[in-house]
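Next up: a single chain in structure tokens, the form predicted on its own.
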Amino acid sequence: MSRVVLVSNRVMDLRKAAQAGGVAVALAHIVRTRPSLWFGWSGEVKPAEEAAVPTQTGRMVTVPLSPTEHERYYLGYANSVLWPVFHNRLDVAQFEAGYFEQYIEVNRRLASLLQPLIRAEDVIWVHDYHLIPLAVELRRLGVLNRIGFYLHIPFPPWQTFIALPEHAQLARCLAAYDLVGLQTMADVSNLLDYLANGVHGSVTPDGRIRMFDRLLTVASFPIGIDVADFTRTVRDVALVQGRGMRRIIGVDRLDYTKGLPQKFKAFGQFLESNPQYRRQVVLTQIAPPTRENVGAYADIRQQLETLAGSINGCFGELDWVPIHYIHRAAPRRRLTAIYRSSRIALVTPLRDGMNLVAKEYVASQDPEDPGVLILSRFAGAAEELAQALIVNPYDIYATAEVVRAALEMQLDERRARHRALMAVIEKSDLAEWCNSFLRALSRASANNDPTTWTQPESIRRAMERLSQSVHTSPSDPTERGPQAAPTPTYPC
């Protein structure tokens, strides 16, 4: 079995990675189960002369960032430009001069440190938007290995992506990969649409994209979870606020893409429209901080704290607080017990690559008495989890009604929905995600020999979408740009 060289923005201790969630859990799983090397940023910021030296500990090789790199590459281009653009938030993107040059320079430095560690038989798997240029920098150093790229966040509509002044350079960077993996079919369609309209790429008969004298494979690989980690959970009765109380759980990083103000407004509207449920239901929102040095994140925190205070002040009683707002991370093992003890999971991102909280919640449920997943149509998980209650988080009043329907759902329907959701989650688990991507990368690396190629199903379906589409004004509210959710009027 070839060694897999994983490259990601952050490399974490395996024990800490298991608690961190998201990308870290997925990559830690690969390191544990395959011959591998995990390379990337250590999370440390050091003077430039110290940042030039990598550190190897077992299968992990880490590199610090200098203060300038951290400010301009990480906080700057990656999280103040690419993150909002990929999430269709051009209004908060900071197209500052100099950020892109630093972004390229850091990728070039990382490639120069990684290249001596690569063996001839290695398979290189690069992860996420921080590292789009890494393959082209490795190719310039003579690396001929198979190189795949996986984007863990959504790819935006092509009209949004071309707002990036450097979009054509980024497309050339993508062309250096053998395979680009995305979370959903919608993301594949958006990328193909951009390559056709933005850089005049052409789709070949076998489903690959010809651009810049390269043949690129694009396909969807929905990321999954290690189901066994969650099915062993037991209900923790101590987590219920009071006798007969039902909990609605939300677990989201404090990010403007997660739809947290819309969630709070919908819950407030639910309490206003359904007074019989006051003192019967609580919303527990766990929102750990993230990227606090980026201005847009301070704004969303202030907005959320104001909303929580307003709703609690309007509806709360001495012995009942309707919203529990927790601005810190919860231990992963504790989270699974919270999931199982909650009647509803309310997952309402305005745009999300996948959202593994939705899958974790379902896997944590008691099959005999499962809770109900309410899921935003704009989460990548909605493409797979059709048996959830799907909502438009921009529609505050409709979401409030779905909360009521979820609370009143009969046991037989809850069981049937849970069985259907579990079948999907077990089929597309973390191991299948890893194996399917590496199989596709193995085939794609022979991309100049069409006799060895099988067109991915995701490409075929995306091509059908493109052939049927006409570019008109988008009807998806997230593609019309950000919109403020209506603020319900409470009696107080």
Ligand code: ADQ
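Residue numbers here begin at 1 and follow the sequence given. As the structure is a prediction and not an experimental result, all values here were calculated from the model.
The form predicted together with the ligand is left out here; the points below concern that form.
Relative to the ligand in the model of the complex, residues 253, 288 and 353 are all within 4.5 Å by at least one heavy atom.
By the criterion of a heavy atom within 4.5 Å, residue 332 is counted among the residues contacting the ligand in the model of the complex. In the model of the complex, the ligand lies farther than 4.5 Å from every heavy atom of residue 137. Within this chain, residue 324 is remote from the site of the ligand in the model of the complex, having no heavy atom within 4.5 Å. Contact annotation for residue 23: at least one heavy atom lies within 4.5 Å of the ligand in the model of the complex.
Note that among 274 to 282, 145 to 153, 184 to 192, 395 to 403, the stretch whose heavy atoms approach the ligand to within 4.5 Å in the model of the complex is 145 to 153. 357 is the sole member of 421, 373, 357, 175 with a non-hydrogen atom within 4.5 Å of the ligand in the model of the complex.
In summary, among the residues 100, 86, 339, 74, the only one with a non-hydrogen atom within 4.5 Å of the ligand in the model of the complex is 339.
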